[in-house]
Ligand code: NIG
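Here we start with a single chain on its own, the form predicted on its own, put down as structure tokens.
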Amino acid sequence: MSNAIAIGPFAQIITMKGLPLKGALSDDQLEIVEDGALLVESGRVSAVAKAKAIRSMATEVGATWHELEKPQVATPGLIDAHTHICFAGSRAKDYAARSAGKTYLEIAQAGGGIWDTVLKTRAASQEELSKSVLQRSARLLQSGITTVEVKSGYALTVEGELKMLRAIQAARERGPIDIIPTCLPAHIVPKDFGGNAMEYVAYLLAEFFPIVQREQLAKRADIFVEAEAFGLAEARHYLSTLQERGFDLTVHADQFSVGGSQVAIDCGAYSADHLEASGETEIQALAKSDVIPVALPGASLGLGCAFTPGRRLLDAGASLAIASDWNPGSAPMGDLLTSASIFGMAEKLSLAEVLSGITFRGAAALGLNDRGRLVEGQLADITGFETTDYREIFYQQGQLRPSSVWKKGQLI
């Protein structure tokens, strides 16, 4: 019995075929297959063509035909390359205070800020954290996201960070969405550590990461490079050591001050995320590198600050991924499509640039080359929107929700 399936007809299939990883894009570069269908074999796309042609192919290979009842536009499954959805508690009180004009320091001194989330996450059980990841990733799946990165970073002890990664792993095994775990114990130096930033980094390298590797909990590592977190010296030591141990790297960079993006470049990171403070020097350096800049407009909206300079990065020749940064503090919205649509309008990005940022360029930020395009050989991760014009997806700024989501050719 054949394991092939044919899906269609779609009013439009936006394949992302042939688009470059770096640089500006125009909408007329998009390949749009009208009245199209996809042939899927063993969870991967084997053909994209007009529906009539796919019907013939399906007959030849004995594929099951899945007939769409209403017109839909198909895009590659969306990819959210930066989230913090493993956490406990809420920071609604912080949000209200920030909206009323309180500073980060004032909120922290009043008992809020990241430390509030740390205490609540430490108190939560592994099962509670895993359940929270499953619930949030289910919402993401309903929003058309088929791959999501999830960070640790809200426990800041060896035991607590391992608990978070084990919770993420359990959710990964139980849910249909692909979860990419990332170690972020170097989020801030915990108040109760009793040493400086370099001593904390040394502690993590000696006590935490050997267990992560032994239990195969994650292959990626992250660090927050900022004055109130980790300086350039600590970041370079941490990242270079982890690179030698075989970890893939990403960096929270240039959110409030510059320097982190250059560390990401020097250490061979896959991505540099945030970049709201990046200036011309940082933009040009990123454009000349292989590092994927990742914009996090949800954080800009949550904090009320400037956006990542997406237009300038693309025009300089850099790549640009876009992620939600869903977290309980600075980016509580957690809606990739809405924040990406708003960011695209604010930065004057073409729809091709926005869609690339949440598909194959987002995949590249995670070091993945098997998804993000609907072309032969790629994973058959498909998001379908009930419309006949792909422009409606962004025009409605996230209010047009997917009507179908396919993971490796299986309807979710």
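As the structure is a computational prediction, the values presented were derived from the model and not from experiment. The first residue of the shown sequence is 1; numbering continues from there.
In what follows, reference is made to the form predicted together with the named molecule, a form of this protein that is not presented.
Report the residue, out of F247, Y95, Y104, F208, that has at least one non-hydrogen atom within 4.5 angstroms of the named molecule in the predicted bound form.
-> After the contact test, the surviving option is Y104.
Selected contact from P309, G334, G329, P181, since only one has a non-hydrogen atom within 4.5 angstroms of the named molecule in the predicted bound form | Answer to the contact question: G329.
Using the partner position in the predicted bound form, report whether D254 sits within 4.5 Å of the named molecule, counting heavy atoms only.
-> Outside the cut-off, so no.
For D325, is any heavy atom within 4.5 Å of the named molecule in the predicted bound form, or not?
-> Result yes; D325 sits at the interface with the named molecule in the predicted bound form.
Does any heavy atom of F230 come within 4.5 Å of a heavy atom of the named molecule in the predicted bound form?
-> Looking in the predicted bound form, residue contacts with the named molecule do not include F230, since no heavy atom lies within 4.5 Å.
Using heavy atoms and a 4.5 Å limit, would one call I283 a contact residue for the named molecule in the predicted bound form?
-> Although the named molecule is absent here, I283 would stay clear of it in the predicted bound form, with no heavy atoms inside 4.5 Å.
So which stretch, 191-199, 210-218, 313-321, 81-89, is the one near the named molecule in the predicted bound form (non-hydrogen atoms, 4.5 Å)?
-> Comparing against the named molecule in the predicted bound form, the contact stretch is 81-89.
Which of the residues spanning 175-211 lie within 4.5 Å of the named molecule in the predicted bound form, based on heavy atoms?
-> Residue within 4.5 Å: H187 only.
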